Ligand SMILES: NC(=O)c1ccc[n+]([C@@H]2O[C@H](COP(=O)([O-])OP(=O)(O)OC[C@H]3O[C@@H](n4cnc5c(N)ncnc54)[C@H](OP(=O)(O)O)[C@@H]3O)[C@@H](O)[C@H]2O)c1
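Quick heads-up: it's one chain on its own, the form predicted on its own, in structure tokens.
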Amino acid sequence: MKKVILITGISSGFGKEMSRVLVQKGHVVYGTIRKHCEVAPGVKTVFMELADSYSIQKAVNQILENEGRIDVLINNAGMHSGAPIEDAPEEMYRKQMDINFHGWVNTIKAVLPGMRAQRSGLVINISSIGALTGLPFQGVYTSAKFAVEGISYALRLELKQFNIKVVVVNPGDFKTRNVETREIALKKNSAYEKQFNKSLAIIEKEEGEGKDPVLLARKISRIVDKKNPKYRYLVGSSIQKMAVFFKRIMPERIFTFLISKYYGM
């Protein structure tokens, strides 16, 4: 069945591939952008700034005016950061949360009245496997993803009565533009500099050798088509999925030791 879908952040990476795959499946796809860019044929665009609640409501209102409904929201847009917790400036924390958490919450709040009125809807939050394990020098980024995990649990319970489903997707490493767009914070002569550079090199190597974003896009397409999707989908390599499993069953001391060894700490 054709659905009206809103995807945040379609200029590159996951968002670009999701919009292309979903429009090819016959859905009406709107994607948010911050400036003019090339998008897949058939994809409609709306301008949105995630850090601006007025911009979010304006974009949602535009879609509702054009289509009369929004059936699926895919929260995807965000920023990536890398920094030692001690070195990260306050503005980095605020920006990360404003975009990757507050912006997502405001977008959800903007679409919910319509979904409640039609007594159906699907919210897909693109989280991260890192939000289930924790990663060194990614604390600012993963803190926002941990927040997304928490609010998704609450939303599931609150929205059940309206037949609105909430799904969390946790991707591992994919070949996106993370390496190019990641904001870095490292103080001059930082006590963490050597370890930060070593760990970040491992993280960026894994991202560069990651899976094609189209694989995640196809998974999202299948979730959209499901009548009763699962609460969570892990999409990554076997070792990344195993890490999530081990995090659940291992004593934290042992799991932390293994993670530290993996990142050369």
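Please read these numbers as outputs of a predicted model, since none were measured by experiment. Each residue number is its position in the shown sequence, starting from 1.
Not pictured, yet referred to below: the form predicted together with the named molecule.
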Just to confirm the contact call: exactly one of 106-114, 126-134, 186-194, 151-159 touches the named molecule in the predicted bound form at a 4.5 Å heavy atom cutoff, so which is it? 126-134
Is H80 part of the interface with the named molecule in the predicted bound form - any heavy atom within 4.5 Å? yes
4.5 Å heavy atom contact, Q24 and the named molecule in the predicted bound form: no
Partner proximity in the predicted bound form: F101 to the named molecule, non-hydrogen atom cutoff 4.5 Å: no
Is there a heavy atom of K219 lying 4.5 Å or less from a heavy atom of the named molecule in the predicted bound form? no
The one residue among E49, D225, E67, E204 placing a heavy atom within 4.5 Å of the named molecule in the predicted bound form is E49
For the three residues R34, P171 and T181, which mark the spot I'm curious about, does each lie within 4.5 Å of the named molecule in the predicted bound form through at least one heavy atom? yes
What residues of 235-265, in sequence order, lie within 4.5 Å of the named molecule in the predicted bound form by heavy atom? none
